[in-house]
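Just one chain follows, in the form predicted alone, and it is written as structure tokens.
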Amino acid sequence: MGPIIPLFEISEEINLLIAFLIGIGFGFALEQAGFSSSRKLAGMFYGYDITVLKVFFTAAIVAMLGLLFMNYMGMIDMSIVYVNEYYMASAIIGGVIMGAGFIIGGFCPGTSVCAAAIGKIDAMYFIGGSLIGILIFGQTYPLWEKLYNAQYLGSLKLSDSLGIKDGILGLLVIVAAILMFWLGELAEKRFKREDISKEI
């Protein structure tokens, strides 16, 4: 069960079943939050709906606090928690491409699958475009390999980079979230669009 220290051994089959059930629950939560609507998702970028910001920021904070407290109580082994390797160049370029795709298409990879699962045609086209992009990137990888692997910084944690404890970083993230929620609420009032809210 990953880095969690269980009271009893969990088989690989049960591990996969738990992951499958969590995936179903995650998809259900996305759909119930309205994330199957491309207009609602794009609303974050235009300022009239910050639900995406609220949900994902809240999820990140809950996961962060869960890790901090479970580590403190000895319920999780943080030494085997995987931290993604950081390649600065590809992270920046990939972030720009991802952001542009999000604004243009109205979905991210996860929400597109959620929307396609309930029959949204635009999401199916989005997934098709994503698969074509993956295929093109894979076939032309030798052309991009040097750029893709540029500026490798290892498995970097923000708290280590800033030279502060994980708990202090957690507090700063919570403060930042509160500030962003407040600014988002102001933006929603400023850019409110009644026609969009009725269609979602």
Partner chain sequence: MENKGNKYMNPYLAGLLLGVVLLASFYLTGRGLGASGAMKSVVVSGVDKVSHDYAENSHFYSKYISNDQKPLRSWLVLEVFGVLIGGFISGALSGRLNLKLEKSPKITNRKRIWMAIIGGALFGFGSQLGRGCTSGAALSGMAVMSLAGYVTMMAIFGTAFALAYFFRKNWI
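Everything numeric in this text was worked out from a predicted model, so none of it was measured. For clarity, a rigid core is taken as the largest C-alpha set superposing within 1.5 Å between two forms. Positions refer to the first chain, counted from 1.
Omitted from view is the form predicted together with the partner chain, to which the following refers.
A residue is said to contact a partner when one of its heavy atoms sits within 4.5 Å of a partner heavy atom; Tyr72 fails this definition for the partner chain in the model of the complex, lying far away.
Among residues of the shown chain, Val175 is not one whose heavy atoms approach the partner chain to within 4.5 Å in the model of the complex.
Interface residue remark: Leu186 is not counted as part of the site for the partner chain in the model of the complex, having no heavy atom within 4.5 Å. Using a 4.5 angstroms limit between non-hydrogen atoms, Gly163 is distant from the partner chain in the model of the complex. If you take 63 to 86 and check each residue for a heavy atom within 4.5 Å of the partner chain in the model of the complex, you get Ala63, Met64, Gly66, Leu67, Leu68, Met70, Met75, Ile76, Ile80, Val81, Tyr82, Val83, Asn84, Glu85, Tyr86, in sequence order. Core-superposed comparison between this form and the one not shown: the CA of Leu16 exceeds or equals a 2 Å shift.
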